[in-house]
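Single chain ahead, written as structure tokens, the form predicted alone.
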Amino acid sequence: MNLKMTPTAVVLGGIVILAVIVFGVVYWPWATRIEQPSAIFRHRSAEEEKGRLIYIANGCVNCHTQSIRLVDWGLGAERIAQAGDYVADRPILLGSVRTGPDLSQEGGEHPDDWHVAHFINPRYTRPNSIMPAWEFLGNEKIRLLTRYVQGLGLKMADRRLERQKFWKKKSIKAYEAGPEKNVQWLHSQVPEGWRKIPNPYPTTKAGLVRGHKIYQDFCIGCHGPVGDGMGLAQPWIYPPPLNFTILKGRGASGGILYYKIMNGITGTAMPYFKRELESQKIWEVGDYIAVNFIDESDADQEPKGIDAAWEP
């Protein structure tokens, strides 16, 4: 059999090879797919669908993924993505680049007002963010975009959002009762053991410099440069960010500050930082706040255990 590599043979052979690839990689997986909803699946509301269109139109998928793989557990997500999570999505917005954080389980991580401030200008809530500001979208589109993001995670997001709403009512009630009652309520949400723990590290010049840097990187947008709660995010947040100066004389131990920075204050715009800041960084930013804004620091006071090996 004499086969010649003629132009016709090359073209026809290429078409056959391409057809086989398309059939095996595109058509057959599509034709044999099983669209079984996952345990967390639900259909989106009309407002969430409108917000999704805004998300698509503004290219958010270019920087944010919506898929957690087994190798992504370091991101702190609670659940690996399943095919059944996406059965209603056309197109599926998995994304491939994490210039920004993955959003597949973002719903309910923050209350609505945090998202509004974040979309107005991400530097208000995340001072080091490189995400562009979306204030030009206007209030209604930002509201719809917030509804979409708050639905990411579907039924899991719904449960988290209900928790945010539950605690927001309590946080507003405490704030409107005045500074004394507000501080009492905030402290009461910290387990008793933590309330009695002083900051285990001594106050040092280097430690305060490090604490200042952490404060600038994570806190200044809400709490402001002088810790009075009048940061750039304040106009969009209610109850407003905590004015640290009202903690003076009201028992704000190092342990209380650590616990609140670590776990956040659900229902308010104060997020948790336990997945971003190591233990020493939380203690040091807490001491920076105590020294500079509360004017009371219990650093390195009793009761304390064995000194850390590197301490001066």
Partner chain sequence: MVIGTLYGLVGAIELVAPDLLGNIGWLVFGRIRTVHTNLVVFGFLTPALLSVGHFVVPRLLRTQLFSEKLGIFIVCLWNVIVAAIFITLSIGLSQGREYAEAIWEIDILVAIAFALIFINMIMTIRNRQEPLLYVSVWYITAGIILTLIVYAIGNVIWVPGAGALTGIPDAVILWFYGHNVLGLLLTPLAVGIAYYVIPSATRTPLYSHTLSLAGFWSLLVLYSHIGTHHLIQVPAPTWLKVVSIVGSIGMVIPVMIVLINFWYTVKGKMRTIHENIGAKFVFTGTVFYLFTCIQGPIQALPQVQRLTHFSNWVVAHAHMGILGFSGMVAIGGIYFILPKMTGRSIYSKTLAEFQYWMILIGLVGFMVVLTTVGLVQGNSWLNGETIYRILPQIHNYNIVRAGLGVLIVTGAIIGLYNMVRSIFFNLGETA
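Numbering follows the first chain given and starts at 1. Since this is a predicted model, take the numbers as computed values, not measurements.
Same protein, other form: the form predicted together with the partner chain, not shown, and the subject of what follows.
Heavy atoms within 4.5 Å of the partner chain in the predicted bound form map, among the stretches 255 to 263, 49 to 57, 242 to 250, 283 to 291, onto 49 to 57 alone. Proximity of V71 to the partner chain in the predicted bound form falls within the 4.5 Å heavy atom cutoff.
Heavy atoms of E176 never reach within 4.5 Å of the partner chain in the predicted bound form, leaving it off the interface.
With a 4.5 Å cutoff on heavy atoms, R275 counts as touching the partner chain in the predicted bound form. At a distance threshold of 4.5 angstroms between non-hydrogen atoms, P91 is in contact with the partner chain in the predicted bound form.
A heavy atom within 4.5 Å of the partner chain in the predicted bound form is found for exactly one of P202, P101, P198, G229: P101. Contacts between stretch 116 to 133 and the partner chain, counted in the predicted bound form as any heavy atom lying within 4.5 Å, involve H118, N121, R123, R126, N128, S129, I130, M131, P132, A133, listed in sequence order.
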